[in-house]
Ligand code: KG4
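In structure tokens, the next block holds one chain alone, the form predicted alone.
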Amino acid sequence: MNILGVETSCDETACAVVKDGREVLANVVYTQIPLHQPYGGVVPEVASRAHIEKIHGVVQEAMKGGASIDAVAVTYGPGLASSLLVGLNAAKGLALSLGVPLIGVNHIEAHLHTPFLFDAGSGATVGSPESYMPALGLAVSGGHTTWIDMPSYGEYKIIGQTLDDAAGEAFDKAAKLLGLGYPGGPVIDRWARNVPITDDLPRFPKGAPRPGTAALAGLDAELCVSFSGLKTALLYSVRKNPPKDDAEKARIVAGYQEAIVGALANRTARALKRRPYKALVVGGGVSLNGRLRARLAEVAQAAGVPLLLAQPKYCGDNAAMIAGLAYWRRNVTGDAALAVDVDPTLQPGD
């Protein structure tokens, strides 16, 4: 079964064709990073306008291989409403013109499908998703930091999350403060890469949750994080002691990154003790961070479970993950899918 996926939840215009949920036949992504770099973050109006301009060409490029299309899948949430609308309407038109079903897909859930994707002709490196259930999922990106219990494939329950900024957002704001550029995650990863991890690195709060807040939301406080205090600590530290040179700036960045990665690793280790999971499944743009990958590998090894990570090109927003998950997760289909509206605050399991 070949599914055409469309993804426009934020600032990437993407289309892909995926066979049987895993084999990627085509994957086209138009990145808007140059458009948003002058602002240090995504500008919704700029993003939606770029989606309108590029969606037709991106879809054409993905379909030029001539593969038959059995269904169209599209992100309908969460994300920026104005961006989601472009992709959703384009996908509805495609499904109607091709005479195939439309499948609505949750963006966060799709990130957790990325470790199961493989390029056409390369062969799979991991087994089918069902064979790793129950699994603990960690979706970590610019907009989301969420721990998800996955009893079976296609079944999701949030057990922990950030109470304010996502990890990717915390990276972006730190990079902007230090004048390192945008997006912040990759540039901070590069700056911190050659700094030895020692006890004398600058110390920052390690993402402690606010007491009581998580409980009110029906979550486990021990599996939640808060990065607002971390950002404030960095701001005051830099104001009080501005870095004198690049070496000092790199040490600040390394300490800041270690605080974020340490919080993510700590909560993941706690979550893995909650029940006998068969795997740790990680997706999202921040999962490309080298230090996070290393720490999560240690956590997974200590817990005795495999760590499933996506290929680098599937870590960020892409349409292959949308088309891939749609093969299993077809809860919004048919007339309901054609009538569905965007849901900017959609949560896993909704």
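Bear in mind the structure is a predicted one, so any value in this text is a computation, not a measurement. All residue numbers are counted from 1 along the displayed sequence.
One more form of this protein should be noted, the form predicted in complex with this ligand, which is absent from this view; the next part is about it.
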>> Exactly one residue in Thr146, Ser141, Thr114, Asn106 has a non-hydrogen atom within 4.5 Å of this ligand in the model of the complex; which is it?
In response: Ser141
> Which one of Gly77, Pro129, Gly168, Pro209 is close to this ligand in the model of the complex, taking close to mean a heavy atom within 4.5 Å?
Replying inline: Gly168
>> Using a 4.5 angstroms cut-off on non-hydrogen atoms, would Ile69 count as touching this ligand in the model of the complex?
In response: no
>> Please determine whether Pro183 contacts this ligand in the model of the complex, using a 4.5 Å cut-off between heavy atoms.
In response: yes
>> Is it the case that Ala310, even though its partner is missing from this view, gets within 4.5 Å of this ligand in the model of the complex, heavy atoms only?
In response: no
>> Under a 4.5 Å heavy atom criterion, is Leu288 part of the interface with this ligand in the model of the complex?
In response: yes
>> Taking 4.5 angstroms as the heavy atom distance cut-off, pick the stretch from 301 to 309, 277 to 285, 53 to 61, 22 to 30 that is near this ligand in the model of the complex.
In response: 277 to 285
>> Using a 4.5 Å heavy atom cutoff, which residues in 295 to 322 contact this ligand in the model of the complex? It's fine if the answer is none.
In response: Cys315, Gly316, Asp317
